Ligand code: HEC
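Form predicted on its own, single chain, as C-alpha cells, below.
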Amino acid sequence: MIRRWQQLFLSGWGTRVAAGSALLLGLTLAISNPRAFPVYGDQTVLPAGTELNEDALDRPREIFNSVSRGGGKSYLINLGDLAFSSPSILGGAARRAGISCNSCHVNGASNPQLYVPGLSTRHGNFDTTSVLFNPKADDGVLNPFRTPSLRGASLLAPYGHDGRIASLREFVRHVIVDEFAGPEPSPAILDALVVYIDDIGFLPNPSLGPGGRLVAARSSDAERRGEALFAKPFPHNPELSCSGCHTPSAAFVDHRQHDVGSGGLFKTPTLLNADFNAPYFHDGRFDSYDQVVAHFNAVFDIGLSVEDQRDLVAYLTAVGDGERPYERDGVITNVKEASDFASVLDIAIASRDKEVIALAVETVSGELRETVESFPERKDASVSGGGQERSLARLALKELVLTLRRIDLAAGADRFDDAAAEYKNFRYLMVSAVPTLLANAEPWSLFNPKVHDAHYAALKQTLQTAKRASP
C-alpha cells in the first residue's frame, strides 16, 4: 500500500508539488501563522512564557444542537466555525501570533491552560483590555477575566463577564473589533459566527432530569442533601438562596448581575458542565467548588457546617458533569475538521464569494500546515521509525495546501470554473488518498502519546539550552 501511494505521489502529484515548490515556499512565508510554542512561547510575537495549550492531545468535545436533533451542520454553522478558528478576522497582534477565537474557547469550551505573561495572573485568565492586542482599548489596569465556555451560549444572555451586552451578535463584534482590533466583520461573517455559537450545546448530563432536578436513581445521598441546601434560603436574608440566582429550570442562570463579594457586579454563570470550566469566578480566582462554597459561606454568613459544604460540593459536581467531555485528537478528527471548514467552498465558489473563498483558503491552509508538523520530518531525532510514512503524509498535506492556493488564485482572477475544478480535486484527495496516508503515519506522529511526549521533551530541552546559551 505504501509503495503504491509513494509511486502515485512521486509520479503524478509529486510532479505538481515539485513544480509548485516555489509557490509553496512563498505561501508559507506569506501567510504562515507563527504560533506560540505550546510549552514556552519563546518563538512568537506573544510574551515569552505564553502557553496556549496547543500540544494537548485531549480536546473538549464539541456538541452541536442541530446534529443532536438529528440534522446536520448548515453552511452558516460551518462558515462560523471556520471564522471562529481563523486568526485573520482579528487584529494585527492576534493575527501575527496565530491566535483565533478558538485559541481561548477551544471547540467552543474554555482553555484552562491559557496563560499570557503580563496579561494573566494565573492559568485560565487574561486581560483583553491591554496594549498588546488593542492599544486603544488599554485601560492601564491589569484586570484579567476568566475565559468562559460558550456551551449553551444561546441560553445565557446577557454577554460579557459583567453582562453589559444584551445581544450575542453585538458581543461577538465587540470582541473582534474592540478587544482584538480586528477589521469590521462583514454582516455575513458576523451572522455566521452567531449561528455557530448559538448551535454549541451543553454536554448531556444524565444526572439531571426535568427542571434541572437531580434524577434520584442516579444521585447519592450527599448530592440530594446538597440539592436541598442549594434551594434553602440564606439565614440572614430569606430572599436569597443559591437557586434564586442559579435557577435550575433556566440553565442555572437568572440573566442578571450580582455583587457576590468579588469586586463588582457580574452576571450569574451557568453551573451546567461547570466541572470542566475551572477556574471559577469572573477572574478565575478559585480553583475548586470547595473554595467557591467556602467564599459564599463566609461572605453571606450562611452558616454551613463542614458536612454541609461537602454535600453542596457534591451537588455542584453532579450538576456540572457531562458525558464524554473530551475527545482524543488524531488523524480522523483533523481530517473531519478540515473537510467541514473547506465545505463552505461548495457555496462560496458557486456564488463567487471571494471573501469567503479567501477566508477558507487561508484558514484551512493554516490548519493543514499545523497538521503537517504533527508528522515530524525524518531528521527529527525524537522519532524513530516510520520515516517513509511520515514523508508521504507531509507530502499529501502540502499538496492539499497547494490545491487550496490554486483555488484562491483562480477565484481571484475570476476563473471560477477552474476554482471549482481544483476544489473537486481537493475533495477527492480528502476522501481517498489523504486519510489513508495520514492513518499509515499516525503511529509515528504527535497524535501518538509516546511520540508526542518524546517530541516535546526534546523541544523543551532545546529551548532550555538556547536560553542558557543566549547572552
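When you see a residue number, it is the position in the sequence shown, counting from 1. All values derive from a computational prediction rather than experimental measurement.
Another form, the form predicted together with this ligand, is not on view; read the next lines as being about it.
- Taking the partner from elsewhere, Phe234 is found to have a heavy atom lying within 4.5 Å of this ligand in the predicted bound form.
- In the predicted bound form, at least one heavy atom of Leu240 sits within 4.5 Å of this ligand.
- Using a 4.5 angstroms threshold between heavy atoms, Ser343 stays clear of this ligand in the predicted bound form.
- Under a 4.5 angstroms non-hydrogen atom cutoff, this ligand in the predicted bound form lacks Ser384 among its neighbouring residues.
- The listed set Pro269, Gly98, Gly322, Gly212 contains one residue whose heavy atoms approach this ligand in the predicted bound form to within 4.5 Å, identified as Pro269.
- Here is the short version: of Ala358, Cys245, Ala137, Ala93, the single residue with a heavy atom within 4.5 Å of this ligand in the predicted bound form is Cys245.
- Figure note: of the listed segments 213-221, 374-382, 393-401, 83-91, the one touching this ligand in the predicted bound form, with heavy atoms no more than 4.5 Å away, is 83-91.
- For the marked spot (Arg61, Gly71 and Phe202), a heavy atom within 4.5 Å of this ligand in the predicted bound form is absent from each of the three residues.
- Residues of 108-143 placing a heavy atom within 4.5 Å of this ligand in the predicted bound form, in sequence order: Leu114, Phe126, Thr128.
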